[in-house]
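Below sits a lone chain in structure tokens, taken as the form predicted alone.
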């Protein structure tokens, strides 16, 4: 377990104030918040990179607040990976093992095992500078895992990657976590990354912990107005009925809407979808389409980063968000009939009726 008690620290413009967190053994714990919230300062404190004068950090039964980084048995992947450009892939992965005086056979076995786990066996003798972003990320993970740490710290591990690579590595991180059962702290500013990956999420803003909850609980029941504003106030619909269609999908009835949602549980009481995951079109999209509907625009609001479109869809009212550059190319106005698609894989479900 990881226990953080009353941690307060100020580093220039970044600060943390009275941070209290408890992270379970083997948990995949995501720290979510906007840029400048203090996320990286927190993970660097856990890693032992800052001198902490107020508060305590416990790893298991041991207080490590004032221990050096190398004494904490942590694997740490910083945001920019910090790979050694003058070493090839093998030597990068083996660096910590050599520093710890592992023998040659142990190093070779460990490097080969981790290379296989991360799918980079074919890259072992490549120059670091010749690797893609996704390949560098895998090497950085293998290097962090090489000394068999008790905890893995990941600072924005997917932020520098293109969308397709990030989606693939998101799945890979989940697989590695399941195989190793390693307590993991993952920092991100991406809400859906947190929702898809976390056992629990801590939302941090302005150096304060606003809410700690399971991802679905956070989406459906934001702990404060600040959390609600940050996650984007999802459309939440109550479900009247549901039945399984097999293969991990379920049909749910929400008022006049019949939705197909990804779910393998017994029942669904609520569904949520973020406004930015509702596709709006002036013309009917080709094909039958899943979760395609027709609605009427009832209001148009100009928000900071996007245009928010209020829609009446049968008995339901929904909010969609359209980026400014796309909205400017469309001819949308109040009263206009439009077509929309609720992206199935982005719909989240909540089983409990509490």
Partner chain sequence: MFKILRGAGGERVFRWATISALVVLALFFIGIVVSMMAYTRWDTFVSALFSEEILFAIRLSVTTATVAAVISILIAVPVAYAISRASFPGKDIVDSLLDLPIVISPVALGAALLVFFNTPLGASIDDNVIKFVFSVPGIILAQVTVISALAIRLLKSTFDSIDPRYEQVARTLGCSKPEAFFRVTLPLAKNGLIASGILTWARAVGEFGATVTLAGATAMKTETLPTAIFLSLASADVEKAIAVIFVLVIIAVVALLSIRKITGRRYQI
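Positions refer to the first chain, counted from 1. Because the structure is a prediction, the values reported are computed rather than measured.
Missing here is the form predicted in complex with the partner chain; even so, the following discussion is about that form.
**Asked** Using a 4.5 Å cut on heavy atoms, which of 113, 126, 98, 167 is close to the partner chain in the model of the complex?
**Response** Selected residue: 98.
**Candidate from 69, 54, 294, 305 lying within 4.5 Å of the partner chain in the model of the complex - any heavy atom** = Only one option qualifies, and that one is 69.
**Prompt:** Heavy atoms within 4.5 Å of the partner chain in the model of the complex: which of the stretches 232-240, 176-184, 73-81, 158-166 has them?
**Reply:** So the stretch in question is 73-81.
**Item:** Close approach of residue 86 to the partner chain in the model of the complex, 4.5 Å, heavy atom
**Value:** Residue 86 belongs to the contact set for the partner chain.
**Request:** Using the partner position in the model of the complex, report whether residue 90 sits within 4.5 Å of the partner chain, counting heavy atoms only.
**Result:** Because no heavy atom of residue 90 falls inside 4.5 Å of the partner chain in the model of the complex, the answer is no.
**Message:** Whether residue 147 contacts the partner chain in the model of the complex should be assessed with a 4.5 Å heavy atom distance threshold; does it?
**Reply:** Contact check for residue 147: yes, within 4.5 Å of the partner chain in the model of the complex.
**Message:** in the model of the complex, does residue 326 come within 4.5 Å of the partner chain, counting heavy atoms only?
**Reply:** Contact check for residue 326: no, nothing within 4.5 Å of the partner chain in the model of the complex.
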